[in-house]
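Take a look at this single chain in structure tokens; it is the form predicted alone.
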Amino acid sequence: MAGVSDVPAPSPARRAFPPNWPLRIGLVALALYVFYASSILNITWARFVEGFGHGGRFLSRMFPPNFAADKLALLYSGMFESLQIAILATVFGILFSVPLGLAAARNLSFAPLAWFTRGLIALLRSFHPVILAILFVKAVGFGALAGVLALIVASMGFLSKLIAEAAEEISMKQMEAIRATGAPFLSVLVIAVAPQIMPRFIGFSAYQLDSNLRNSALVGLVGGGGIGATLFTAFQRFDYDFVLTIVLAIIFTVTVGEILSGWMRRLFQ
């Protein structure tokens, strides 16, 4: 029989949920910063409550929406231009993003090219489409061209990054098998890489089209054409009932675009 000395000593009691002091200190610091930022930005409860009154009066002037024939003509023209901007930006954004994304994939290109391309993609993703639209309006003037160029650049930043990440996750066995036959690099991309990333690529493209439909209204607010320009003009003229009509049309268009993009993803995946 084992002696008393062989009996293991009882382990000290352990707490089920030990205090995480770094997390607690971080949360306290975050709370203090929130109060500090609110004070210097003049964010007060009085202004918030006062805003309800202004918002109520603004909404009361928006109802009922204006469906007059002359207003609907402006609405159709602006929405049609926004659709054209979104489609053109998506098509050219996809065309430019594919080589850029493949060049950024570290398993497909050599390291200096991959890192340079990744830096370029990071630069493209640094700016919001509205900022890009302002820059292109200054460069090429007001109109749809500035909106298309802004959304192309924004699409390249988004799609290129996702294509690069999808390419880096592919199985290299298929590439090695195609390379063993002596096939050129382009054939390797078409036969081994494209089939593996195509389902995700279709989903990315459908989402980007949906995003460009929304952003086409934003870039129009700063002179990029489309329904955003019509919306900005209606605000300047205090046609708030027509503003509501435009907002309803944008919501309807974006909803339809979301349904179509979801259908495309299910169809090709």
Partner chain sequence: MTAAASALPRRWHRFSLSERILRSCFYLLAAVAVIWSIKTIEIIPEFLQDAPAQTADLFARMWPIDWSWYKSGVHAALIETLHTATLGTILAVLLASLVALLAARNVTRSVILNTIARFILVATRSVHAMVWALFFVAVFGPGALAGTLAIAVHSIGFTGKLLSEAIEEAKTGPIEALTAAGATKLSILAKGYWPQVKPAFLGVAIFRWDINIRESAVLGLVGGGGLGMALEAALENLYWDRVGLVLIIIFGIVIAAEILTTWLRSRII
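These figures come from a predicted structure and were not determined experimentally. Heads up, when I say rigid core I mean the largest set of C-alphas that superpose within 1.5 Å between the two forms. Positions refer to the first chain, counted from 1.
Note that the form predicted in complex with its partner chain isn't included here; everything after this is about it.
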### Query
When you measure heavy atoms, are 33, 84 and 88 every one within 4.5 angstroms of its partner chain in the predicted complex?
yes
### Contact segment among 152 to 160, 97 to 105, 127 to 135, 184 to 192, judged by heavy atoms lying within 4.5 Å of its partner chain in the predicted complex
127 to 135
### Query
Are any of the heavy atoms in residue 115 no more than 4.5 Å from a heavy atom of its partner chain in the predicted complex?
no
### Message
Is residue 251 part of the interface with its partner chain in the predicted complex - any heavy atom within 4.5 Å?
### Response
yes
### Query
Can residue 54 be called a contact residue for its partner chain in the predicted complex at 4.5 Å between heavy atoms?
yes
### Query
With the partner left out of view, is residue 237 within 4.5 angstroms of its partner chain in the predicted complex by any non-hydrogen atom?
no
#### Entry: Any residue of 174 to 213 that, in the predicted complex, places a heavy atom within 4.5 Å of its partner chain
none
### Task
For residue 23, decide whether the Cα shift between this form and the one not shown is 2 Å or greater, given a superposition on the rigid core.
yes
### residue 52 C-alpha relocation of at least 2 Å between this form and the one not shown, rigid core basis
yes
